[in-house]
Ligand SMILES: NC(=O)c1ccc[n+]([C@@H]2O[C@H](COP(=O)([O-])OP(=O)(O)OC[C@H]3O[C@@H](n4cnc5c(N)ncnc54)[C@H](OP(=O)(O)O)[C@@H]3O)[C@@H](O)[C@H]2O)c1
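Okay, here we've got a single chain as structure tokens, the form predicted alone, with questions on binding and movement later.
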């Protein structure tokens, strides 16, 4: 069976990456692409790397145009997806790459986003430990999926095995991320101009203000025993690379835990995963190793002098952080082989 697909926000970075991956997916037909201000223009004018999709023209993003497909991807700015979702009831599968349907707590939404709170959907990070299970189970047969925030899923995948196994204390998490500016979208913003980011590293959303914090807390809480206190200090830093995230996350070692138990928690969590790889002891990832891949690479160190576990994670924010996670989740929901259309191999140099 071939599934018909529509992609909204197709002229942006996330929409373009969804299209790039879907273009080689054997079980889908990309039938419709939509945009707002760019409607009426050839897709190739905005995504010149997508040569196989040169025949497509951007249409208006309206419920009528998006309806009538088997799968709809919403790659819209935060706060814009919810206006369409109620009117797409007849679409068998809708996947939102924005934040509108990620959070389960209305208070957290109000504090970090504001505006009307929308119904939470199945969270699209299949490998994420949820106690004794995986988030994958919630995606089987799902009709509505919220793709993750790229920073949030990177940190959550980094630490959830330790939280689930009880080998770290999630009440004192510190994470610092080097982030490429493509994660902020394609809209013109002064702080993202090349002259503003080349040759410098720029922290932003410092001091507990980043919107991905409640998403991380929610994901880690799902992995932890009930009533576990999840506290996180989260500092992202813009660096001059187009795409990629390198997240260094630390948390205190739980009392009485051995080094073997610590490493074993991550090994057992990801031993059978195709797209999340724990590197050998003493090895740590680079963002260059995951560009273009739906792969998260993790390096783990045990700092006994500081009493902390250190996890360094590298992902491509547009693939594993967004589009790849969305398509991987789509495959699970539709009963397809989970890895279809996705690669573990990056692009080098």
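Residue numbers count along the first chain shown, from 1. Just so we're clear, the structure is a prediction, and the values are computed from it rather than from any experiment.
The form predicted in complex with the ligand is left out here; the points below concern that form.
Trainee: If contact means any heavy atom within 4.5 Å, which of 77-85, 268-276, 221-229, 134-142 contacts the ligand in the model of the complex?
Mentor: Going by heavy atoms within 4.5 Å, the stretch is 77-85.
Trainee: Taking 4.5 Å between heavy atoms as the contact cutoff, choose which of 258, 187, 209, 233 touches the ligand in the model of the complex.
Mentor: Filtering the options by heavy-atom distance leaves 187.
Trainee: Within 4.5 Å of the ligand in the model of the complex, heavy atoms considered, which of 150, 125, 95, 163?
Mentor: Contact check passes for 150.
Trainee: Look at the candidate spot formed by 37, 183 and 322 and say whether the ligand comes within 4.5 Å of a heavy atom in all three of them in the model of the complex.
Mentor: All three within 4.5 Å in the model of the complex.
Trainee: Does any heavy atom of residue 318 come within 4.5 Å of a heavy atom of the ligand in the model of the complex?
Mentor: Residue-level check for residue 318: yes, a contact with the ligand.
Trainee: Indicate whether the ligand has at least one heavy atom within 4.5 Å of a heavy atom of residue 11 in the model of the complex.
Mentor: Although the ligand is absent here, residue 11 would touch it in the model of the complex, with heavy atoms inside 4.5 Å.
Trainee: State yes or no: in the model of the complex, is some non-hydrogen atom of residue 32 no more than 4.5 angstroms from a non-hydrogen atom of the ligand?
Mentor: Residue-level check for residue 32: no, no contact with the ligand.
Trainee: So in the model of the complex, does residue 295 come within 4.5 Å of the ligand, heavy atom to heavy atom?
Mentor: Outside the cut-off, so no.
Trainee: Counting only non-hydrogen atoms and a 4.5 Å cut-off, give the residues of 233-262 close to the ligand in the model of the complex.
Mentor: Result: empty, none.
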